Structures are given as C-alpha cells and as structure tokens.
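In structure tokens, the next block holds one chain alone, the form predicted on its own.
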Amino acid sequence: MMGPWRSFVLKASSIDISTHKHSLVKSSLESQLKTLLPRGRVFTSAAQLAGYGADGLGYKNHIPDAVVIPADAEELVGFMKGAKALHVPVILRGAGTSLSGGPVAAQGGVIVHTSALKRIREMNVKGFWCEVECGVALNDLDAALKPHGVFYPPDPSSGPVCTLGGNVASNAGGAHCFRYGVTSNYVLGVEAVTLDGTVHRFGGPAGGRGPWREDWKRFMIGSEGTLAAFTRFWLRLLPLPEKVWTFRATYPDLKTTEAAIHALVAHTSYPAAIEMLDPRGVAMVESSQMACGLPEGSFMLLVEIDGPEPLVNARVEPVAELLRRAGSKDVMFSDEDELRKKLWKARKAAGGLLGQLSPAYVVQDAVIPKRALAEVLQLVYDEADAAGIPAVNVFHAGDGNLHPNFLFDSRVPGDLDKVELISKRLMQRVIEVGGTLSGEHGIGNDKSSYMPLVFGPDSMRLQLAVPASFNPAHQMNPLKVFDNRRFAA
C-alpha cells in the first residue's frame, strides 16, 4: 500500500519544486528589471502579459516572462545596457500588427514595448526628409506631413496603428509600392542601440549634417529585431501628387483579371497601385458596412494613377479603355475624394473583416513573377478547397505580392495542420516559379522553416554571421528568421 502512495507524493513534490523554482526565477527577473526601469514600466502579472502572447498572426501564442515600456530613448538605452546580464531573450515590439510571428517571445524572455517613443522630431520640408521616433504610427506621420504638401509613400493596410519601427524591421510595403517602392526605398538613416547599450547612427538625411559614421542602414532594414533596438529614423519624403484618379473594375474570372493586370503593368500611365480582391473577398466586403456595390461572384481590381493634373487627366480614358478591353463590363473611376476613400477603406479593411468570418485565419505573404499569377492562385484554391479550408485572396497584384488568407478553427483537431501543409505547398510552388518567401511581412517564426527552400547551406551560414556579429549568443529575438537561431543563456 505504501509503494504507490509514496510514489505519488514524490511526483507531486517534484512538481511543487519545479513551480517554486520558476517562481523564484521570475521574481529575480522582475527585481533586475526594476533596477533598469521605473517600477510602473515593468509588467509581470499574467493579466498584463496576456496581450503580448501573439502578434497579428494570432494563432501562435508565446507568453513572455515580462514586458517593459521605456518612456523615451534614454530609458531604452539604459535598459539595453543591462539587458545582456538578464540572461533571457530580448524582443522588440511596436504595435504588434506583424503577420509573421516576429515580435513574440518564442523562447520566452522580455518584450520591450516601444510605443512611448512617438515623437516627430523634425520635418525638413525643403530637404524632403523627416526625423521620427520608432513608435510613431504611420497614419499619424501622414497627417502631420499633409499640410506641408509632402508625404511618406509606404502604406501598409495597418497604417492607422502600425509603427515605423515595425515597418522598418519587416521592410513593409503597401498598396502603392508598385510605383513608389517599399520602406527600404525611403529610409535615409537609422539610430539603433545594440545589446551592450551602445548607440549607433547608420546614415542620415541627404546633404550631410553632423557625423554620419557607418552607413550600414541596409543591415538594419528588414532585420526583424535580431540585431538592435531602433530608436529613430530619418525618412525620405516626396511631394504630394497634384491629381489622383481611382478606378474600380470587376471581372468574371481569373483569366480576364490576369489579362487586365498584365496590361496595366505594361501601360505608360504607370499606375501607382494595382490591387485585387477575389470573389470571396468581394462577398465579404459587400456583406459589411464597407459595401460599395460590387457585383456578386466577381474579381475586383482597384487601380490608381497620380501625378501632374494635365498629364493624369489625359490618361484617365486610356486606362478605362484598357480595363474594358481586358474583359470588364463594369468600369468606374473618380477623382472625388469621398468615393476614392470609400473604395480604399473597403480594400484596406479586408483583413479585419476576415475576423468576422472565422475564429482564426492565417495570411501568407509571398512574391511571384506576374506570369505565374493565375497558376499560383489556382493552386491556392485547389489545395484549400481539397482540405475544406476556405481561402480568400486580397493582395498587391501590381508587384505580384500575394496575400492568401486561410480561414480555420484552431479548436478543431487537424485544422491547423491542414493550413500549415497548404502553406508549405504554396511556398514550394512559389520558389519553383521564381518567387520568394516574403514581400513585406518578414519571415518571423512563421516562415523560418522555409528558408532552406531559397538559400543553400553556404548562404545560410553567411546570413547567420550577421546577427552573430551583433549578438553572438542570439539573445535578440531568437527563433526568428532562422529556426536554428536559439539563445542559450
């Protein structure tokens, strides 16, 4: 009688010891953090940490051991000076709108939330640049720039909340990147803090002002938090377009839609944006408050041209005729702000509307040559339909940046496995047709296992040498980009 009972007591005791040990470690970490930052900026309770378990990807949840919120750049520098001695991973996070599992604590550790660093320090309109802190929201910057007749072109759909730090970390794009390019085309300089608390400035505004030091900003852009903590940026600006026209055209099938996209890409009007919604995306928009009269069962193209007024006005009818020739019997266009904003609101809200259709969803991000557009989209539909997983395509058609959304229920056994298998087959086909893994979302921990599809062993080793030179133990955002990049305290 004593044998089984004694065994049970020992097992329960070992659990208690393990739990107690974890509690002591967490208490020690909290004490250390409070020596680096004021008490009110260190969070360790379960309720406080729950909101930091995932990013916009949602279904991969990793609760951190602690969250800290520096009040300004000086507090961030102070934290980084002591971060190495914490012996836990350090993860930078802005608004958390990432869609790749980038700013989550995949290996535990401390999340550094940089939302308080949100000053627009300088707007040099004559020099066409601005200096901003990493926590500035994208749309807030646009609103501040507009009265001065200039703008910052990158425009991801999460613009109302996403921060510039996250945009630079993932090299974000947006609807207008077909003409204007992605974030890397507009970053003139980066100020960053390495793990030893040293502040480095890489580049700066054109024309020269002060010591520029090393111009290594391209290492920083798209580094996904693996190299250093961003504090501020110098960004290139452009004059606001004098005139903008927005077109909406619907098509009966994928073939005619693809023909219209190819014609637009080759047209001398050089559109600023070419966006596509598939019939499921159209139905989703039309059943919401964003409804704008799109015909049921159609593919929709949203196209924009801009520039000097006489030139753009002269191009309106040729673009409309091009859309008709490709097979659309429903072409509308306008230069009226309210109508244009309504169309763009419907397009950019599509990601949020998906949450009304499904308990969970995964949005993928890959870039393909436009010649393979119909083929790869058909693969998405075939694989998803065969698995019983609804797929909705809403994406940047002009530059071939696909964003298929797979709707599933994580509570249903096997659903997530199906989604991950579809994603793997998609990425394999993307590479086979000459594409690549990410256009703007980054790799994070969602696509790190696909990296060998693109890069051989020698290339992977060289790429890993970059983060290893900044922090050899890989304490900064481990298990991101490379799935074998792990922190060992």
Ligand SMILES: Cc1cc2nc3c(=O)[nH]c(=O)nc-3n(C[C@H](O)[C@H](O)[C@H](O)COP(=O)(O)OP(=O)(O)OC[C@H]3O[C@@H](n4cnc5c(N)ncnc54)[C@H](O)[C@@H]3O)c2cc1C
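Note that the structure is predicted; figures quoted are calculated from it, not measured. The numbering used is simple: start at 1 and walk along the sequence shown.
Below, we turn to the form predicted together with the ligand, even though it does not appear here.
Let me know the one among Gly225, Gly189, Pro404, Gly109 whose heavy atoms come within 4.5 Å of the ligand in the predicted complex, would you?
-> By the 4.5 Å heavy-atom cutoff, the listed residue in contact is Gly225.
Select from the listed residues Val303, Ala83, Ala172, Ala397 the one whose heavy atoms reach within 4.5 Å of the ligand in the predicted complex.
-> That would be Ala172.
Given that the partner is absent here, state which listed stretch (313-321, 266-274, 228-236, 145-153) has heavy atoms within 4.5 Å of the ligand in the predicted complex.
-> Looking at the other structure, the answer is 228-236.
The ligand contact at Ser158 in the predicted complex, heavy atom, 4.5 Å = Yes, Ser158 is a contact residue.
Decide whether Arg93 counts as a contact residue for the ligand in the predicted complex under a heavy atom distance cut-off of 4.5 Å.
-> Yes.
Answer for His441 alone: is it within 4.5 Å of the ligand in the predicted complex, judged on heavy atom distances?
-> Yes, contact at 4.5 Å.
Look up in the predicted complex whether Thr114 has a non-hydrogen atom within 4.5 angstroms of the ligand, and give yes or no.
-> Contact check for Thr114: yes, within 4.5 Å of the ligand in the predicted complex.
Taking only heavy atoms into account, state which residues of 470-489 are within 4.5 Å of the ligand in the predicted complex, ordered by sequence.
-> Going through 470-489 in order - heavy atoms within 4.5 Å of the ligand in the predicted complex - there is one hit, Asn477.
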